[in-house]
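Shown below, as structure tokens, is a lone chain in the form predicted on its own; questions about how it binds or moves come after it.
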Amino acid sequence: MIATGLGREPRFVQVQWSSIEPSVERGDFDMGLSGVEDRPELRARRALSVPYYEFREVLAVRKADTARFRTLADLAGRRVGTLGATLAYQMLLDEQQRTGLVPVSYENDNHPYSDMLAGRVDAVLLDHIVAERSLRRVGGFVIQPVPAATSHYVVMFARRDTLLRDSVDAVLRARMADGSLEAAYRRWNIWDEGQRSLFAQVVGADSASRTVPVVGGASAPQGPTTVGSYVPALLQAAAITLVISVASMLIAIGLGIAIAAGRVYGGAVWRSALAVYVEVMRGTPILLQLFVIYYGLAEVVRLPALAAAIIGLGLNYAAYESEIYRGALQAVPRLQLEAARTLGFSEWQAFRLVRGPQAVRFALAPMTNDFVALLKDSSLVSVITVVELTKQTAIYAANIGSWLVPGILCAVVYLAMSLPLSRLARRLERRLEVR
């Protein structure tokens, strides 16, 4: 949650968690809230308030797994969900190096717990306040009693807004001292003895002191902070993007050919049904389709995230491909088809020997253009936990607090993959024009 409007009626605007830091720094909002963690590298980049809440990283598991998964070490080779670019995410990355645990990054804190209950992940590592709220909301899991780490929430400001930060610090200290902040925490059932100790440290500290030492022993999330350390993750994410794009395009081509043939050669009922499919897939957002396939159908079929991404993109692009192929089939002159029938060709022979080869020539160039578009649209699958190129870039940008270098690198990789395809499409178009 982002609060704006100091000195006037406050206004609260909800934005994506990873967008808080860049939005505050560029001046969209005066301050940023919502689980902003007190990390040394963040404090070096931005103006942060004194800590106002102490949280614990806790492990949540299904009730049936209570005895099996007590700590992260018990989850070797298992999938564990959390938010990207957080203390919890870095803890999972560290554990991945030791035991082969598989971190699964989410955009919000609701889906990790529902995915755990659905069996898509084996556990969730997140802040205790988030875990307890989700437990009250959905139930069905257990929070292990031993916290994995402890840290603090702070309010974030742009580097230039130190005076505003100092004013907020004064307000926080006053509210801690007079008990009003404790009363608010108790009203929302989030007060515990850890807050009492934190309040004593903050109120008793000198006003120039801005940091309360992290209690509990996990290092602050660093992740990749240099270009060199980021490149391996970037290349791995680019490979995932290519796999998704190629597999989705193969589905789109096969299904698109079938739809186009059905609309050209099928009966009235088939043509109408296929036309409805095409209009629905082209007329609704692909993001919505991905959510429905991954989350909406979870009660019927629990697809892995990668499979859901490939199927979702393939089904969507099949509608566009079918229109290309249908137009290509209809572009073949009728006189040629009539000549083939006069020569005694069956419909299948006319399609295979006369209509099909010419339609392929007409469809090649636009089909290549569609693959370039699909390559870029693959970035949407990050909403269903697939860490492809854009998602990995967002994690890197959150780690260093800037989109400039990560964005440039991401664009370079996309261009390296798409430019050869674009050139191929132009060459095919020129060849078709000559003929």
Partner chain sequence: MADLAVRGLVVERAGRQMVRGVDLDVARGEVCVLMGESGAGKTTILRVVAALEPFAAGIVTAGEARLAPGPLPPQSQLRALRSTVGMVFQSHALFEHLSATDNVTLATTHVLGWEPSRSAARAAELLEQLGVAHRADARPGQLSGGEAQRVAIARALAPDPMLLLMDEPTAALDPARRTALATTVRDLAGAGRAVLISTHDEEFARAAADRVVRLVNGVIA
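Numbering follows the first chain given and starts at 1. Keep in mind that what you see is a predicted model, and the values were worked out from it rather than measured.
What comes next is about the form predicted in complex with the partner chain, which is not displayed.
Which is the contacting stretch out of 134-142, 357-365, 263-271, 107-115, given heavy atoms within 4.5 Å of the partner chain in the predicted complex?
Going by heavy atoms within 4.5 Å, the stretch is 357-365.
Does any heavy atom of Y185 come within 4.5 Å of a heavy atom of the partner chain in the predicted complex?
Flag for Y185 set to no.
Going by a heavy atom distance of 4.5 Å, is E338 a contact of the partner chain in the predicted complex?
Contact with the partner chain, yes.
Residue contact check: Q97 to the partner chain in the predicted complex, 4.5 Å heavy atom:
No - in the predicted complex, heavy atoms of Q97 and the partner chain never come within 4.5 Å of each other.
Can you tell me if S346 lies within 4.5 angstroms of the partner chain in the predicted complex, counting non-hydrogen atoms only?
Yes, S346 sits close enough to the partner chain in the predicted complex that at least one of its heavy atoms falls within 4.5 Å.
Candidate from L353, A307, L250, L235 lying within 4.5 Å of the partner chain in the predicted complex - any heavy atom:
The residue from L353, A307, L250, L235 that makes the contact is L353.
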